[in-house]
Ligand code: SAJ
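Before any questions on binding or motion, here is one chain by itself as structure tokens, the form predicted alone.
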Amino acid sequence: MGLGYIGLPTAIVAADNGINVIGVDINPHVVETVNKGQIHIVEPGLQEFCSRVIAKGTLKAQTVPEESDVYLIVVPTPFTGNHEPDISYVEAATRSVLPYLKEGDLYIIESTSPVGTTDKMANLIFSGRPELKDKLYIAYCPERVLPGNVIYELVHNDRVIGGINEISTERAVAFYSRFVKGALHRTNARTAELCKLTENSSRDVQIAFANELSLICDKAGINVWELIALANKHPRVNILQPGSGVGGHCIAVDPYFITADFPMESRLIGKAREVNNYKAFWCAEKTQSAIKQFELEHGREPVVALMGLAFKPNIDDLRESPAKYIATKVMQGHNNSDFLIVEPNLSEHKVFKLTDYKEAYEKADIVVFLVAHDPFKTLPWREDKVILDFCGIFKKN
């Protein structure tokens, strides 16, 4: 249920391992695209796999579910404006499969979820289908893959699997063992739910430390990249690299699932979210200041290249992207023709007119590096341009 950045690769990998898979998505365009053996997301190697399983007949896509033996819920779990987790998509997907469930079926949630979500969905299922009480297997198994390397990691990464009871855990382990080569770690559903949130909250805190260092170094006139490289020479220090913020549907979202339910106990996690959100705001402010300074010195508005929109390097995913936020904020109140927006992993965008990265770099007076895409690293340092490097393209400079 869900053919997005995780659902589609999961469906394809399972189908490639001989499992007959029905991929369900409410978007007819997604369904039509998949049934043609094509993909609607950017993920290296996935296109070939999709064409193969469609040709083999082990995967088909449709807009409604049908009776099956295993149901995987892989839909988005966003948060509200108050940073409260929204599990309505999980609930809607669960309700849609409710009429098809039968004794002995396996129901698994993969969507990132607040603690207790699997129990809530179990109660929803059994309240709607009371005759299935104690006759279904229900579990939670979060994904933990890296965009750009999803195919390999779906197969080779370890998985944490927690059922609402021991037999549910074992049934879910048996299912994943059909296409996962990594170790399958057994636990209960609530622990598995919090495990996913813990993993990404931990990374958010570590990134916040690096981003906070970048703010300190800017004020102190110190090259943060050099500082971190030197500090990491310590045998027990491994500081991450700063950036323009934190994005994506995992690290930028999952900590709120903890802070919403445990506000007093998650003060460090909450503060890390504040730091990483502030970093994007700070980058926008620095860019706006550079534009004003250029106008004062040259008597005209500069041509500004905003390099990157994705939430991390070398992907096309813009979900919760700090770069997208920065670009939008910087452009407010200016003539849009003076901005060159670059995202080499997209051919087009509904809002932004995209420019080739080499052309933008050549034409711009101010170049703002927001995402460390590989193509950007081939560009030479230019003394004749104002360069704001928020992601370490030119670390020595």
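Remember, it's a predicted structure, so these values are computed and weren't measured experimentally. A residue's number is simply how far along the shown sequence it sits, counting from 1.
Only in words, not in the display: the form predicted together with this ligand, which the text now covers.
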Is residue 243 close enough to this ligand in the model of the complex to count, meaning some heavy atom within 4.5 Å? yes
Heavy atom to heavy atom, is residue 308 within 4.5 Å of this ligand in the model of the complex? no
Decide whether residue 111 counts as a contact residue for this ligand in the model of the complex under a heavy atom distance cut-off of 4.5 Å. no
Taking any heavy atom pair closer than or equal to 4.5 Å as contact, tell me whether residue 77 reaches this ligand in the model of the complex. no
Stretch from 230 to 238, 286 to 294, 118 to 126, 194 to 202 whose residues place a heavy atom within 4.5 Å of this ligand in the model of the complex: 194 to 202
By the heavy atom within 4.5 Å rule, which residue out of 280, 87, 93, 251 makes contact with this ligand in the model of the complex? 251
From 167, 268, 146, 220: within 4.5 Å of this ligand in the model of the complex by heavy atoms is 146
Within 4.5 Å of this ligand in the model of the complex, which residues of 299 to 333 have a heavy atom? Give them in sequence order, or say none. 311, 312, 313
